[in-house]
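In the structure tokens that follow, a single protein chain appears in two forms: structure 1, then structure 2.
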Structure 1
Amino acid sequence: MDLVNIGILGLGTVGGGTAAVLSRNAEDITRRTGKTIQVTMAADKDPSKIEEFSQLGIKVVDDALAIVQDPEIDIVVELIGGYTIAKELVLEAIKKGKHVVTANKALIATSGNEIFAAAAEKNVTVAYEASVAGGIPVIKAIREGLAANKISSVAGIINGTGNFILTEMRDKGSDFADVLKQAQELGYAEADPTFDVEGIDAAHKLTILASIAFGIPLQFDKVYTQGISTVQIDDVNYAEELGYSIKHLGIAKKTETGIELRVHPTLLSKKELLANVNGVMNAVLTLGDAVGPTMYYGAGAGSEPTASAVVADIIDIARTINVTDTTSKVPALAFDINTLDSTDVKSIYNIDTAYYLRVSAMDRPGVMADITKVLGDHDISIEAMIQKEATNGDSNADIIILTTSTIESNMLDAISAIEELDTISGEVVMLRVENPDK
């Protein structure tokens, strides 16, 4: 039986999970591929990992380049993360004619165009299922399962740490820092947790989803990115009262006026399936012209859920080894690389969406009329409105407004005019409201 030799770069949370899943399910994997898939080598700088994995019969080295250059290795599994060393190793592996599996969303989002071009030239595969939404096979679903469709939008909860934090804050009133610490201990968070809470990790993943959904190049630098660190508990509570949950969404839309790529806290009606995705779970909702809405749900982080996606990629590649006809290969970014669409990505000021506003207003007659007049002057309609009683001797009262859709620059002009009113104090809180399955 054919033997496929795997070299794993990085024996952290996902590397360990990958070795464990390949070993535990070896028999079924062989039944699925007709091949024996074996982790032959692994690299890690940590001496304790070298000792632990050597005991499993894996040759563990501290120099990742030794694996990339070893002629015995068929598939290099890059689980180091980050942009620099990982990129050098992946490009070197491609140069040596090796297939690559990676969970590295930062690398694919920022250097994927270059990496896929290099891979195409050497006729090797770079597979990256684990880079988006952990164990959910969403890349395969969009790239292959939805290949018949024109996809008009993708919206997802694609950062488990952020979703875990928002869920715990809402359900337990927990402190942001405590919940983040818990997520780090559970192995969900990035090495630099600001990547999770400031939306960079979600923006990496959204870049990839948008590319394979719309057939556009990877354009991480065009993603509007806003994190959850500024989400206030008052807004979580007011949103709940109005029948909404605040979720950190990645949104990609193909509209008549361009492509929208944005990551930001978003109000979702609790009637929406996405609004009910809680804890560390991820979900991605797509809209296709033929199929309509489809949604994919599962664990977006963690050792074996992410390993599930890594091993699925290894299995896919193992099936193609020694197959000479490559004409049926699925393109790396779902579309022929020479046909990628150059439609502009819209500025955030030009997006068209609904809004949640919180205004701190003096408790005086006529204040409400002043605010509604400003909105009316900007042709913005009010969908719902509540006024909270001023409490604890505070002379200000919170007014919460949900609006219908308008262009963001128009909303920002209206907010500036509201903030200029004498009866308003402080800045208006603005959050976007979406209805992603329409």
Structure 2
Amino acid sequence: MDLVNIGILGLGTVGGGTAAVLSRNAEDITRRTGKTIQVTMAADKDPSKIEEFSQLGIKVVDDALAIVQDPEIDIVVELIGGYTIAKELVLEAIKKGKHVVTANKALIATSGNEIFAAAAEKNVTVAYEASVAGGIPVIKAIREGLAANKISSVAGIINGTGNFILTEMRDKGSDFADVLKQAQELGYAEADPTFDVEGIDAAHKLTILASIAFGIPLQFDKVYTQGISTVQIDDVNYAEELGYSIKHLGIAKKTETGIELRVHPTLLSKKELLANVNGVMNAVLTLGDAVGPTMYYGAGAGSEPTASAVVADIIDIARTINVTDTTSKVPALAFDINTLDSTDVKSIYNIDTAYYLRVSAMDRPGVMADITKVLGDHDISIEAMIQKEATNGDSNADIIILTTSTIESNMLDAISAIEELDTISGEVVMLRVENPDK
């Protein structure tokens, strides 16, 4: 029976989980592949890993390059993360003719075009299922399971930390800062939570999903990215009153006027599937012309959920090792690399969607009429409106408005005009409203 040697770069949460899953499920994995897959080497700077993983028969070294250059290693599993060292190691592994598995969404989103081109030239595979949504096999589902479809949109809750924070704000009435601190204490958020709460992590993942859904190059730099750190508990509560939940959504749409790539807080009707994804869970909803809407739900992070995706990629690659006919391999980005579409990515100012507005206005007659007139002058219709009474002697009251769809630049012009009214105090709060099921 053929032997496939694995080298793991990084024995942290996911690396340790990968070694454990490969060891525990070795018999079934052998039955699936007809080959023996074993982790023979791993690289990590922590000396304590030597004793811990030697029990699994793994030689642990502190030099990742030694694994990449070892002629006995067939598949390099990159679990270091980041943009720089990881990229150097992956490109070197490809240069040495080795297959690569990675969970590094930042690397794929920012350097994937270069990496996949290098892999195609050397006729090796770079697999990256674990880079999006942890253990949910959404990349394989879109790239292979939905290959018959023209996909018009992909929308997802693809960062568990942000989803946990918004869920807790809604359920417990806590402010963002208090819930973030709780998330850090529970280990859901890093000491520096910027990538999670400001949408960068989700933008990396959306970049990848859009590419395999629409057949476009990876274009992380064109994703509009807005975080949740400015979401206020008042807006969470008002959204609930209107029958909506606020979710931090990644949205990719292919329209007649271009492609939309955006990550931002979004109001979703509670009837929507994604509105009911809570806590640290992830979900991705796709819309295909033949199949209609399909949703993929599960754990988006964690040691063994993510390791599940890493090992699945290892198994897929192991099946192709020593197979001479590679013409039937699934392309890295779902479409032949020479046919990737150059459709423009739209500016956020040109998207067409509905909006939630919160206006702080003087509690006196005629204010509502003034606001309604401004919106009407900009051809913006009102879907729903709530006027709150001023409390605790405050002279201002909140007016909550849901609009019908309009171009964002038009909405911003209308907001500027509303803010110039003498009866309006401060800035108007604006959140986008989506209906991703349709």
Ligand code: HSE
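Worth saying up front: this structure is predicted, and the values here are computed from it rather than measured. For the two forms, the rigid core is made up of the largest set of C-alpha atoms that agree within 1.5 Å on superposition. FYI, numbering is relative to structure 1, first residue = 1.
The form predicted alone is represented by structure 2; structure 1 is the other form. Relative to the superposed core, Gly173 undergoes a Cα shift of 2 Å or more between structure 1 and structure 2. Taking 2 Å as the criterion, Ser54 counts as shifted between structure 1 and structure 2: its C-alpha moves by at least this amount when the rigid core is aligned.
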